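Only one chain is given next, in structure tokens, and it is the form predicted alone.
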Amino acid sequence: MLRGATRIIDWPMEGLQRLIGERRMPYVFLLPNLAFFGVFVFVPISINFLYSVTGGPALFPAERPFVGAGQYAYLFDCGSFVDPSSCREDHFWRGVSNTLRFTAFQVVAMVLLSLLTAIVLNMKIRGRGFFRAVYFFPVLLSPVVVALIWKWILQRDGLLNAGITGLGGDKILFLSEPGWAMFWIIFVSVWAHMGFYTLILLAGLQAIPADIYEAAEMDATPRWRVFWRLTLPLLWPNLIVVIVLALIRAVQTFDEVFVLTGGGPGTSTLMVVQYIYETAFSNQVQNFGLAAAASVVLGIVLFALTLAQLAFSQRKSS
């Protein structure tokens, strides 16, 4: 029965192969995936770019007037890019400023803690398999679930404040004060995603030949020197991949921040992606063109980071 079904499939494929040639057959199998990719990736990108060069409140592109680079000019109309209050669209530049600050601290903390954790988990410690699973578990959770758990812990009447008041202290507004809010969204983001980068670095550590360490041990080389002269240079390709991937993820962060603080207090934790979402869908006056222009700018940044990742990956493989 299975052989008969196979022949039914083979017959049209053999006819198609005779018609277009054997060398063109791979494209037949790739066509469905390319069509799917085009419909759900290239078409939305094209529509988004079309919105970015049009204006007005209308939803349908045919009803929107062409404004050229007007939306981009409005976004970049600033007295000083260092001072968001001098820009016409100050919320966008506050989002850029917050995103840069978040990315700088989060990526540094992510890379350092992931590297430290990978080194510890690569040692011969008791329960190593258990701890590897524990560190990777948060990666399996939805970002929204992660944010809701930590919001329950950090809110004014949350678990952490219950512990503080139980010890005789005063409640701390972890999510309502700008300094604390930025610290905790960085902390939660690192906690949620560190396991993924730890896994990459752990794989790199395990790929380093043990003979190198045995030779260093025979020469009585200090551990710090082994790390700086052997481990770090051999792990550098994996470390570059981790840094680039962490940068890409940090720049487009949204879920955890939106659930934890909603961009507040004020605009102290407003990120670029949240600005795009609110400008297009959440504000009382929806400005699809301005949101589309901001997303194109963000897309260019992410594309540049992706090219950097590909370049480093090719250098690693060569």
Partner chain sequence: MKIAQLLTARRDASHRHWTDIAAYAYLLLGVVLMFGPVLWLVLSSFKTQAGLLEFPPSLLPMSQKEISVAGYPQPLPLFTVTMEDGTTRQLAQVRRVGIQSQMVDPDNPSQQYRVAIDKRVPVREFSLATENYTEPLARFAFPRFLANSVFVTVVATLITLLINSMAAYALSIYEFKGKNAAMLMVIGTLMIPITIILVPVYLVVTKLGLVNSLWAVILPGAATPTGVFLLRQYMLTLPRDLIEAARMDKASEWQIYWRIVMPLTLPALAVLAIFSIMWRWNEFLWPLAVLTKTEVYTLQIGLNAFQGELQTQWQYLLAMTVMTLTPVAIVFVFLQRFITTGIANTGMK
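Here, rigid core means the biggest group of C-alpha atoms that superpose within 1.5 Å across both forms. Nothing here was measured: the structure is a model prediction, and the numbers come from that model. Residue numbers count along the first chain shown, from 1.
Only in words, not in the display: the form predicted together with its partner chain, which the text now covers.
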Within a 4.5 Å heavy atom cut-off, is Ile20 in contact with its partner chain in the model of the complex?
no
Distance check, Val43 to its partner chain in the model of the complex, heavy atom within 4.5 Å
yes
Counting only non-hydrogen atoms and a 4.5 angstroms cut-off, does Ser142 reach its partner chain in the model of the complex?
yes
Please determine whether Lys171 contacts its partner chain in the model of the complex, using a 4.5 Å cut-off between heavy atoms.
yes
Residue among Val134, Val108, Val226, Leu100 with a heavy atom within 4.5 Å of its partner chain in the model of the complex:
Val134
When its partner chain is placed as it is in the model of the complex, are Tyr27, Leu245 and Leu302 each within 4.5 Å of it, taking any non-hydrogen atom of the residue?
yes
Of 115-141, which residues get within 4.5 Å of its partner chain in the model of the complex if you count heavy atoms?
Leu116, Thr117, Val120, Leu121, Met123, Lys124, Ile125, Arg126, Gly129, Phe130, Phe131, Arg132, Ala133, Val134, Tyr135, Phe136, Phe137, Pro138, Val139, Leu140, Leu141
Superpose the two forms on their rigid core, then report whether the C-alpha of Val28 is displaced by 2 angstroms or more between this form and the one not shown.
yes
